[in-house]
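Next up: a single chain in structure tokens, the form predicted on its own.
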């Protein structure tokens, strides 16, 4: 099997794996929809008091809410992807088997995470967004090119998210238990991705800092692309630069971790 076909098969396997959890998916759709309703009415009250807050009108703000709920699991803002399994394999020593496989460790998990992301986009993203569009006045474009541009930004966000979580998981080589680092990354993701509140609303230096961090690639950047409030080339460049930098960092840490396994006799 060629290298490309191998990773494509891994991605398909990742998609099928998550597709088997139908009850969990239905429960997740319900949770995202309820949480979207709560946020939507909070945003309505906030934008009634502060029209055009963060540069959005109320329809755009409500679109932000439902797009955020659609993307929440796609970009794994709160974790729940491959990293828990990888941390456990490092802790138990099963990672040694993975390192002997004729496949690159980073690319293997990236392919699997891509399959997971695609499933969540279709399985948990479409219904909450459709519900929001049915019951609220949203500012969603009708131009298919806008949606294609959005999907490109989502794909870049998935890669950035993977690269962040891969680094988190590799910390287990030194800490033996990556739960603490994973929780810190989870908190940073919630606060800095735009999951709860658009990053454009954050004031002054704080706003500049959070918008410059890689987590802004996960929700804020794709949503702004779809709403037409982003500079498209600049947004893509920002996401791609963070993806490349974090993947390169993951490659360096993976190399150091592999030497650590060899030294320990793993």
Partner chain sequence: MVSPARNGTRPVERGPADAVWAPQGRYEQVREGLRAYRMIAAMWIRSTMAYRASFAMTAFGNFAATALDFAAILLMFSQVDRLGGYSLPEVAFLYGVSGTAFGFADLAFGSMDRLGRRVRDGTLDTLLVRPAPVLAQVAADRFALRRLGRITQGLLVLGYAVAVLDVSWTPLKVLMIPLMLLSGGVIFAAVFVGGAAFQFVAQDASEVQNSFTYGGSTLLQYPPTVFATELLRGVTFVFPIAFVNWLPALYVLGRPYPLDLPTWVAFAPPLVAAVCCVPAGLAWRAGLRSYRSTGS
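Remember, predicted model here, so these are calculated numbers, not experimental data. Residue numbers count along the first chain shown, from 1.
There is also a form predicted together with the partner chain; it is not shown, and the following applies to it.
In plain terms, the part of the chain that comes close to the partner chain in the predicted bound form, with a heavy atom within 4.5 Å, is 39-47 out of 214-222, 55-63, 230-238, 39-47.
When the partner chain is considered in the predicted bound form, residue 126 lies well away from it, no heavy atom lying within 4.5 Å. Contact between residue 201 and the partner chain in the predicted bound form is found at the 4.5 Å heavy atom cutoff.
In the predicted bound form, at least one heavy atom of residue 27 sits within 4.5 Å of a heavy atom of the partner chain.
Heavy atoms of residue 180 reach within 4.5 Å of the partner chain in the predicted bound form, making it an interface residue. Contact with the partner chain in the predicted bound form, defined as a heavy atom within 4.5 Å, holds for exactly one of 99, 184, 130, 107, namely 184. Judged against the partner chain in the predicted bound form with a 4.5 angstroms heavy atom cut-off, the residues 77, 114 and 121 are out of contact without exception.
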